[in-house]
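So this first bit is one chain, no partners, the form predicted on its own, shown in structure tokens.
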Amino acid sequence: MSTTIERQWTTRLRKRATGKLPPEKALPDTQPAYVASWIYVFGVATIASFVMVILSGFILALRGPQWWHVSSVGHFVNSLHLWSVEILFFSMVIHLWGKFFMAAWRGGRTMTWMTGVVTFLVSIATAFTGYASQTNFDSQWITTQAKDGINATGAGSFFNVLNLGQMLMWHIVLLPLVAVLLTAVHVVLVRLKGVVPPFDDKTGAAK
């Protein structure tokens, strides 16, 4: 009986997962001393602002455009969503450049770096579709100015920026789902490989 259980894919997957990422590594009690530097704060700030973007966007999706255009509470949540996005990109850009100059792909962290870069690109596309979904003159101007450039690349055949329904669905379903999944993978890789150390510190080398 025990042999059969050992051969089950759920048992093998659980053992592999806990072997690679045990609880004390997934949620560590301590961090290396160099993590006290301010440059390491912007990764957490990016995640915190991303959570606020998702929560405020969820409320906006529940109530719809009429609510966020005419209601004072809707205006507040819409503004909260906007400024969360602003903080998200501010933190993400500093995090990205900080890790670039630290060569964060060192020590077997190439996939950690690449998932961060791809998440940044997906976030840009998500922000663009958000601007295209405002249902106001700003969104009309943005989409009409963008359509020719996107059509020139050939992407306009399946990504029609003048189609409000398509842009809204990309913004609230497809792209956020990709961003959340990539962020989760990125964080797991950070936990697996550890936080990249400064150049003069050898204690944080990935195992």
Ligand code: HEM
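So that there is no doubt, residue numbering starts at 1 and follows the sequence shown. Keep in mind it's a predicted model, so treat the numbers as computed, not measured.
Keep in mind that the form predicted in complex with the named molecule is missing from the display, and what follows is about it.
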Q: State yes only if every one of Ser139, Lys147 and His171 has a non-hydrogen atom within 4.5 Å of the named molecule in the predicted bound form; otherwise state no.
A: no
Q) With the named molecule left out of view, which of Ala61, Val44, Leu27, Leu162 would have a heavy atom within 4.5 Å of it in the predicted bound form? A) Val44
Q: Please pick, from Thr119, Ser133, Asn78, Thr126, the one residue with any non-hydrogen atom lying within 4.5 angstroms of the named molecule in the predicted bound form.
A: Thr119
Q. Closest heavy atom of Val85 to the named molecule in the predicted bound form, within 4.5 Å or not?
A. no
Q) Does the 4.5 Å heavy atom contact test between Tyr40 and the named molecule in the predicted bound form come out positive? A) yes
Q: Verify the contact flag for Val187: yes if a non-hydrogen atom of it lies within 4.5 Å of a non-hydrogen atom of the named molecule in the predicted bound form, no if not.
A: yes
Q: Would you please decide whether Leu192 lies within 4.5 angstroms of the named molecule in the predicted bound form, comparing each non-hydrogen atom pair?
A: no
Q. In the predicted bound form, which of the stretches 61 to 69, 163 to 171, 139 to 147, 44 to 52 has residues with heavy atoms within 4.5 Å of the named molecule?
A. 44 to 52
